[in-house]
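Next up: just one chain, as structure tokens, the form predicted on its own.
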């Protein structure tokens, strides 16, 4: 173990350059400090090209099916040996060219952990420099495709609250190197966020391959059984929609003796792909409590490990679909600053970064909530959670909307409710799908009251806590105007007080509370 001897001739100059221009700060870092990714990285570019070629060949085959199988066989049998050799030579030449180009790009890709943050450079003709400040890092993920996982390689993805909103991906790297980077990044990011001094260290670790990517001293917390995952999917609205769509497609085939068309095959393939995507994403999901936060590991073909520091979580949503009520299954979703703010994020990425427990029992969901929210701010927890999860109407904890809101919200009116405890703001919502959204006081970006024309006529309004971008929204609809003014005024006072005293736990306090310190 040793400290990286960054040669900074003038610390004042370094700090000034860092603040003014991260690229200038990177220029002060000695060349031998910059590191390359694993030498096999260029080879993994090849499979993407072959996958594109296979997809192209399949699309041609699907189109050719319209002309009949006999014509396809006649075309294939007419291909000469010379033509086959030419095709093979072209494919081999293309593969070599792809590897050569990827190798040239790989030579220009470098990264370094510096006191100013994480720097990444790439590009040949036009150079690119990426920089993530330590205090802007939100969470760290480890990704492994099926082939890199077999050979012990992976990539580390750093989520940051940067203005560009883009993640920084470093890889491919050996897994022991990734584990070292993850621990180092989370350690320094925590120190930077709390204003503590830190040093960037370069530790030599034994070259051990850990297929489970485990933390030392971590505490297993939850494991999603495959049968529960499959059962929850079969009871979800998405899969029911897929089954309904397939039935609509197949009914004309069987009732009216119509033949399968390419459109039906494509539609069936799309429906299967949606179901497979959810299963593949969450297969084998496990939660661990580590000294750096909550570690989420999941995935069948591509394994992703995400470590979420608890202080980065702004809100938690516990929800239940209609068909899960018999099993009392619940889903837990978190809102982490900067994790979902890009238009380029697809549905799979958004689910992966927000839903950390796709399905679990009520006790398991509330246990996970406790690891994030140590104190819900009420004395009778059992009665409060019963009210928040399945309750209706006004209660000792929740303020309910007035009766006249039934004209705008006839189905959800009785479920809607807001509770402001001494530690959190809780929104009770949902009819077919129940939910409880817990937001920390003082973590809102603003408070908002809105009123549409019909609401104005009825004396109703909507109150909202403006949180960071993500899939969780805290919005109480169709409450009385007087109720909204009172709730926002109370939340403002509680939130300002919470923000002034910095009421969230440090990572050390959190680790001690959950027993992983």
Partner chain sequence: MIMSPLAPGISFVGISRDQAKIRGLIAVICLLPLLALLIVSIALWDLLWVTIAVAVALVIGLFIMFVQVRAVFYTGYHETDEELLVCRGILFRKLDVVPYGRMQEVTVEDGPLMRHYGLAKITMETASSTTDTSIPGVRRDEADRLRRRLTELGSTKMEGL
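These figures come from a predicted structure and were not determined experimentally. Residue numbers count along the first chain shown, from 1.
Only in words, not in the display: the form predicted together with its partner chain, which the text now covers.
A single residue from the set 458, 29, 468, 46 has any heavy atom within 4.5 angstroms of its partner chain in the model of the complex; that residue is 468. With the partner omitted from this view, the residue of 410, 446, 217, 269 that lies near its partner chain in the model of the complex is 446 [heavy atom within 4.5 Å].
In the model of the complex, no residue of the candidate spot (130, 169 and 182) has a heavy atom lying within 4.5 Å of its partner chain. At a distance threshold of 4.5 angstroms between non-hydrogen atoms, residue 314 is in contact with its partner chain in the model of the complex. When its partner chain is considered in the model of the complex, residue 231 lies well away from it, no heavy atom lying within 4.5 Å. Remark: residue 485 counts among the residues lining its partner chain in the model of the complex, judged by a heavy atom distance of 4.5 Å or less.
Although the partner is absent here, residue 337 is a contact residue: one of its heavy atoms lies within 4.5 angstroms of its partner chain in the model of the complex.
You can rule out all but one of 220-228, 435-443, 364-372, 378-386: in the model of the complex, only 435-443 has residues with a heavy atom within 4.5 Å of its partner chain.
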